[in-house]
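As structure tokens, one chain now follows by itself in the form predicted alone.
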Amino acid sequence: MGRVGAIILAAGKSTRMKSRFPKVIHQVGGRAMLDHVLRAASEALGTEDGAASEAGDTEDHSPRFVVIVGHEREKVRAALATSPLVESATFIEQEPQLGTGDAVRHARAAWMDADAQPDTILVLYGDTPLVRAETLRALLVKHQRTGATLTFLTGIATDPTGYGRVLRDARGRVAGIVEQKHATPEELRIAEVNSGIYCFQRAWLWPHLERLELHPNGEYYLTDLVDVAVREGQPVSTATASLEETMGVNDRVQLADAERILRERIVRDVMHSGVTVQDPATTYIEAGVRIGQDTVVRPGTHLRGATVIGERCEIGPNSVIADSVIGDECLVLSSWLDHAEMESGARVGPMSRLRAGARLKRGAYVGNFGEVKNSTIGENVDMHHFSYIGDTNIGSGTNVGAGVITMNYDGKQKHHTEIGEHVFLGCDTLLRAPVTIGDGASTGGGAVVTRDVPPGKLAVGMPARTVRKVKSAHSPDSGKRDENELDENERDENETKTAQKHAEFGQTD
């Protein structure tokens, strides 16, 4: 087949969508519709590119994709900023917009100065997010095998309303396409319809685009090329696919239909890969999510973005996880995660939240009504309930009592808290950052810690004072009162008053 170039028509004005944004950037399955089409086309063309490379053609710098956009070109490109394919696409503005034939004619400019012209041009629409790569690949293969000048994709419609009907002669050969408004009553009964996806021989396409006739509505129709090819006696072939794949999204109702179809497709694929989805109807999994074998996804769960979940996990019910990484054998029970990380064996929930930068190390546990932001919770840490940990590192084996709060924000800037290993934080401890709690240290219930607590020491009170060594397995010589340290705290009245004021306005964020 040689080189293949793809043209994606994406200049629609969103008239029926009733939107201030270009139609093709509305999302289905967590990605812009245009992104879905680009990915399908890239995968379909990838095999051909590989074949070209094996043949020694490694210096082909011609564009792979040409995207025809309207007057909101920058919005379209911005919506694809996170797509791996945005840099391989050339965007060309069609202004004024004079129909599909005119749009393809604009695309020709992208290859005029290229190192090599494509031999085959694939044309598809940016508002068909359900099209599969294997369908496009089958169309390209059919085009090659038949040696056709033009090959297009058709489908059989139970309700063909709105589609152009495919006309065939007595021998089954394509005789043309008739649009619904021009069809006779007999032609309206035809079930085979045109999907709008085409393959052309480039050498035939470019000159014939210049010969298209202007329709009364001021537009040039790409479908007219089928009639032209038939009149010239050029070989025209077709491939068939489900119309579900090639449905265009023109309004919010069709957007919801596409979302439902894609969601069902993704959930089905996930289950076939060895994942249990207990209630597919209430489970939302976006296109970029990956889930390991034997994981169970319970009802009401939303998995979004680039989330990666390991094997043998339990997710949900009613969990929302976005752009997060979860290791093996983790539990996320009715909780929200956003740009967070859980190492293997970690647990969270119910009703807790891991915000951006939260990291639970192996075996860590965050119970109900906890919140973690931009913090590392060390191995085997227990943080049972009603706590907020922000901009903090917690060492392994530490126990975080109920109601512990790190006050990381002073109204102007964030501050860091460092908590060592095997620390015991009593219930309702307030840690006013910046502060460090040494290894093996403890705080009493309700302590307001405004300055560092040395390793192995117990701090109590408001503001907290270190009163003695900790009675702990991690402090073998613990239990003795440190009189000098206590006296120092008792004499430091001015510092105490200042600390009390600080404790009053300490905030979290």
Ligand code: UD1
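On a predicted model such as this, the values are computed, not experimentally measured, just so you know. All residue numbers refer to positions in the sequence shown, first residue = 1. For clarity, a rigid core is taken as the largest C-alpha set superposing within 1.5 Å between two forms.
As for the form predicted in complex with the ligand, it is not shown, yet the points below apply to it.
Enquirer: Please identify the residue among L150, L130, C313, I177 with any heavy atom within 4.5 Å of the ligand in the predicted complex.
Expert: That would be I177.
Enquirer: Just to be sure I understand the contacts: of N408, S195, T398, T429, which is the one whose heavy atoms reach within 4.5 angstroms of the ligand in the predicted complex?
Expert: In short, S195.
Enquirer: Looking at 388-396, 139-147, 335-343, 177-185, which lies within 4.5 angstroms of the ligand in the predicted complex, counting heavy atoms?
Expert: That would be stretch 177-185.
Enquirer: Heavy atom to heavy atom, is A103 within 4.5 Å of the ligand in the predicted complex?
Expert: Flag for A103 set to yes.
Enquirer: In the predicted complex, does G126 come within 4.5 Å of the ligand, counting heavy atoms only?
Expert: G126: yes, in contact with the ligand in the predicted complex.
Enquirer: Just to confirm, Q97 within 4.5 Å of the ligand in the predicted complex by heavy atoms?
Expert: Taking the distances in the predicted complex, the answer for Q97 is yes, it comes within 4.5 Å of the ligand.
Enquirer: Within 4.5 Å, heavy atoms only: does N250 come near the ligand in the predicted complex?
Expert: Yes, N250 sits close enough to the ligand in the predicted complex that at least one of its heavy atoms falls within 4.5 Å.
Enquirer: Taking only heavy atoms into account, state which residues of 20-46 are within 4.5 Å of the ligand in the predicted complex, ordered by sequence.
Expert: Stretch hits, in order: K23, V24.
Enquirer: Superpose on the rigid core, then tell me if the C-alpha of Q413 is displaced by 2 angstroms or more between the shown form and the other one.
Expert: No.
Enquirer: Note yes or no: does the Cα of A133 move by 2 Å or more between the shown form and the other one after the core is superposed?
Expert: After core superposition, the displacement of the A133 C-alpha between the shown form and the other one stays below 2 Å, so no.
Enquirer: Return yes or no for T161: a CA shift of at least 2 Å between the shown form and the other one, with the rigid core superposed?
Expert: Yes, because once the rigid core is superposed, the C-alpha of T161 moves 2 Å or more between the shown form and the other one.
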